[in-house]
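One chain is shown next in structure tokens, namely the form predicted on its own.
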Amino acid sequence: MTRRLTRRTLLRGAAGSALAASLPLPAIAKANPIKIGLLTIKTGPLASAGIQMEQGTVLFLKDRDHTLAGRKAELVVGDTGGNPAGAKTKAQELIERDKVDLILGPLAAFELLAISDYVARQKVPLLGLAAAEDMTQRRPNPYFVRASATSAQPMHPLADYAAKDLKYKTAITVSDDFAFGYEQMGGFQRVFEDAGGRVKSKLWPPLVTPDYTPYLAQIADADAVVAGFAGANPLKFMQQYRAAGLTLPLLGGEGMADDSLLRTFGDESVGLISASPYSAEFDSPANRKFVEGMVRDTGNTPGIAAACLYINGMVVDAALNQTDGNTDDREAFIRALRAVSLTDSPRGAFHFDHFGNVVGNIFIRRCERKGDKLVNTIVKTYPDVSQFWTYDEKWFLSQPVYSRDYPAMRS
């Protein structure tokens, strides 16, 4: 049906155009909703964390009544499928089709590395969860902000704790065979060996490994095993580890005992020591509110993926309040994002370094049974942890990025 244009319709349209023309540009921008893109994973071995990413983002927007700095906020979700090609396709759709003002995510390092150059060319702020080291080190993306951690950032303190508090002298590492695993274990190895320890061997099961028996057979004669699995793999590994009769103490990175997974774990995880930028047991006003909201809305305790996406939302909100809600000036917006410093968040106080990477708490946790459930009890907190640990920044950046073969094995 063809719509009739009357004299009244034309006059009303002209009056609206005249009003819009009389408004300053910031007022016009604030009249439009801010569009937030989310890159996440909903299928495959990393899906549990991907789903938590969306849950954390949704809760943040709900807590803010979907309004940031006076602008309504709209969320557009892209499922990457957990692969680099999918991440790039969804990033292009969010930017070119959906016209998002910023992107949260993605989850995996290989996804982040696949989209970094494209997003930087488009000058779209990217607030990541993925821990790829060089995004804030040797190949920094000027439009990237990370409020979670690099892959090695929690592993440096874990190694320090293993050597100095637990007095371990030798370790065997085992981790998923991809960038996140390499960088986790590289960080652990460097600090552990600098503290006088020795990594005796490094094992690399593929990300999709149904049976860890060939790797478990290589574990012996060490003070501890350090694991760096993610997604659904920690539970599978620990169950097979205990079934094989192995009793060496287990240590792990942030994914090994993620709070969101504990309800699926059994006694095989009791005693596991892990390091993470987040713990559901951390006692702060912001974290208590966050945990209560997640349990209420999802029926599950939140883990690092949900927490860091919620924190990303807090960073966006704080930056928008500094720019009066304006996202059109991308340079001003990214400066505001990187200048954010919060005293109370689900992970505690934090700020960003000059590369846009977080400086904040790392929690050492022990998995314990309390009543009918498992919890990660905080046994030590390392405050103000930098991505460079205690090393000189220039020296650190002069070294290769942590990899499958770096640091090299010591004889």
Partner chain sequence: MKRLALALSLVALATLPLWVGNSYYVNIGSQILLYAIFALGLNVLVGYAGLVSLGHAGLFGIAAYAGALAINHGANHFVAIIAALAATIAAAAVFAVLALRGTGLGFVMITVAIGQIVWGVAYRWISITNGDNGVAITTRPRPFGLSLTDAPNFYWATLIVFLLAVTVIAIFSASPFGASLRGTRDQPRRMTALGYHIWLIRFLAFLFSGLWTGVAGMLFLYYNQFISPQAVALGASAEVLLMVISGGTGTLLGPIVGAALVVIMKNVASAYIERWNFVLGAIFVAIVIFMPEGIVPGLARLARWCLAKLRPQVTEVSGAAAPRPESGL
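If you're wondering where the values come from, they're calculated on a predicted model, not measured in any experiment. Numbering follows the first chain given and starts at 1.
Keep in mind that the form predicted in complex with its partner chain is not shown, yet the notes after this line are about it.
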Contacting member of V199, A163, L75, L207, with respect to its partner chain in the predicted complex [4.5 Å, heavy atom]: L207
In the predicted complex, the one of T67, N32, T43, T381 near its partner chain [non-hydrogen atom within 4.5 angstroms]: T43
Y182: touches its partner chain in the predicted complex, heavy atom cutoff 4.5 angstroms: yes
Contact flag, D79 vs its partner chain in the predicted complex, heavy atom cut 4.5 Å: yes
Contact flag, E331 vs its partner chain in the predicted complex, heavy atom cut 4.5 Å: no
Interface membership of E96, its partner chain in the predicted complex, 4.5 Å heavy atom rule: yes
Listed range touching its partner chain, judged in the predicted complex by heavy atoms within 4.5 Å, from 112-120, 246-254, 165-173, 283-291: 112-120
Heavy atom distance at most 4.5 Å to its partner chain in the predicted complex, all of K90, D177 and R404: yes
Residues within stretch 124-151 having a non-hydrogen atom within 4.5 Å of its partner chain in the predicted complex: R139
